[in-house]
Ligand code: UD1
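Take a look at this one chain, the form predicted on its own, written out in structure tokens.
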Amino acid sequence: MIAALCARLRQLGQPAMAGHLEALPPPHQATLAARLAALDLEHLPALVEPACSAPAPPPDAAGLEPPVAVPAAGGPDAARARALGADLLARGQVAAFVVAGGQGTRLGHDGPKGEFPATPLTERSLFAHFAAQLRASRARTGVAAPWYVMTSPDNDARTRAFFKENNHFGLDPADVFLFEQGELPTLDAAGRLLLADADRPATHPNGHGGALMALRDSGALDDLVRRGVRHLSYFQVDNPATRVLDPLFIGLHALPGVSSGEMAAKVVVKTDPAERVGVFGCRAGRLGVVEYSDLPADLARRRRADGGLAFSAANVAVHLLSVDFLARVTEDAEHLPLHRAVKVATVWDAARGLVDLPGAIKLERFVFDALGWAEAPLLLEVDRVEAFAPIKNADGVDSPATSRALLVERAARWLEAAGVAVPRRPDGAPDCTVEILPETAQDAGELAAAPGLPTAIARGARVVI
């Protein structure tokens, strides 16, 4: 077995790895052999080519046009869309899918990011907060939406334990499907496999686009089909403002004449040309995302007649995908292109042990590239305060402090829309801390219909509703 694997490695242009494997003592040799075999070596040439290629030039801006997004209120189809979305939820034809492979290291949390306490007053973890939304949907519709949770090899065991310790946050364990994200080998600039230890190849997560292949590989896609689910709500674990199951968004995505029902995305308005966020654009009738670093400065600054930025539809990583579309896109991993990133990686060297390699090549796939395969995909514009309060950094922009401030501002707006007086400071920020539980309401309309609301919030109050 070892001899055959070493011969195959040499055929694949990996003589250094073959020599290292041959020189290892038997126990470590068997371990490394098993781990190398798990890397799907037959696809290695397809990885080496983009890894060794020169950095791709920025995409040609010629022919790139701003997309058209449905306004936040839903436009003239809003009422029909909400009704259709509610009906699909009540029929059990919508499921939730959270990408939760990240660790909370940058936040000072030793564990999966989904464990991080995110809500302003109850300090519920991100997982608990999203589970509360699913329980609230179940209470409204009488139907439990299944929840698919993608972990990573680094946090899978800890995430499973966290769900078990918390009794799956009040959800039926049979409706919670956890599975691991795939990985790709980390390579050097010459396309050679690297080691993370003497008996372990260096690997990295295959990007959020790999989540789609992981659905198929884990059996989750088959489970969706078995349950009769038609649409999957995709979101990332670090945004507590996400509405996991949004009837308006679901309905617009599935409404004939508005969208093909294959794939949809939520967007927020980019107001500063220099904001470091990807934007949606159309080329030759196909929708995609252009990274901020690839958008030419003249296009980033271009204005519409009303003064707004022409390329203003910023990506917030919230999508809907039909199960039929998922099955088609995941038939072949090459449907989603590989993106090359040069990063520092800690690798194992026979002479020096663990060292930092500045020019390591990591390849990954992006979920939004699937939009290029969708017919008539839909974009829904949403208000930032309503839908985007990410937690990515320990402090500063997109930190726990800014996220909680946005959640409090959203709660204040909902209360004011329901006729409740909310105290505000001279700068306009709420002079109180309010948290609205998903069990109470998931939008301003639901809150207005909730019984027992106060007539006013006291200055400096800390209130959970």
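By rigid core we mean the largest C-alpha set that fits within 1.5 Å across both forms. Note that residue numbering begins at 1 and tracks the sequence as displayed. Being a predicted model, the structure only gives us computed values, none of them experimental.
The next section is about a form of this same protein that is not shown, the form predicted in complex with the ligand.
With the partner omitted from this view, the residue of K392, H168, R227, R384 that lies near the ligand in the predicted bound form is K392 [heavy atom within 4.5 Å]. Screening S125, Q236, T159, Q133 for any heavy atom within 4.5 Å of the ligand in the predicted bound form leaves a single hit, Q236. The ligand is not drawn, but in the predicted bound form it has a heavy atom within 4.5 Å of R106. Taking the partner from the other structure, the ligand in the predicted bound form has no heavy atom within 4.5 Å of any heavy atom of T119. With a 4.5 Å cutoff on heavy atoms, H208 counts as touching the ligand in the predicted bound form. Although the partner is absent here, L320 sits far enough away that none of its heavy atoms falls within 4.5 Å of the ligand in the predicted bound form. Stretch-level contact analysis of 75-83, 213-221, 354-362, 273-281 against the ligand in the predicted bound form, using heavy atoms and a 4.5 Å limit, identifies 273-281.
Counting a residue when any of its non-hydrogen atoms is within 4.5 Å of the ligand in the predicted bound form, the one hit in 367-382 is F368. Positional change of Y292 between the shown form and the other one reaches 2 Å or more at the C-alpha, relative to the superposed core.
After superposition on the rigid core, the Cα of E275 moves by 2 Å or more between the shown form and the other one.
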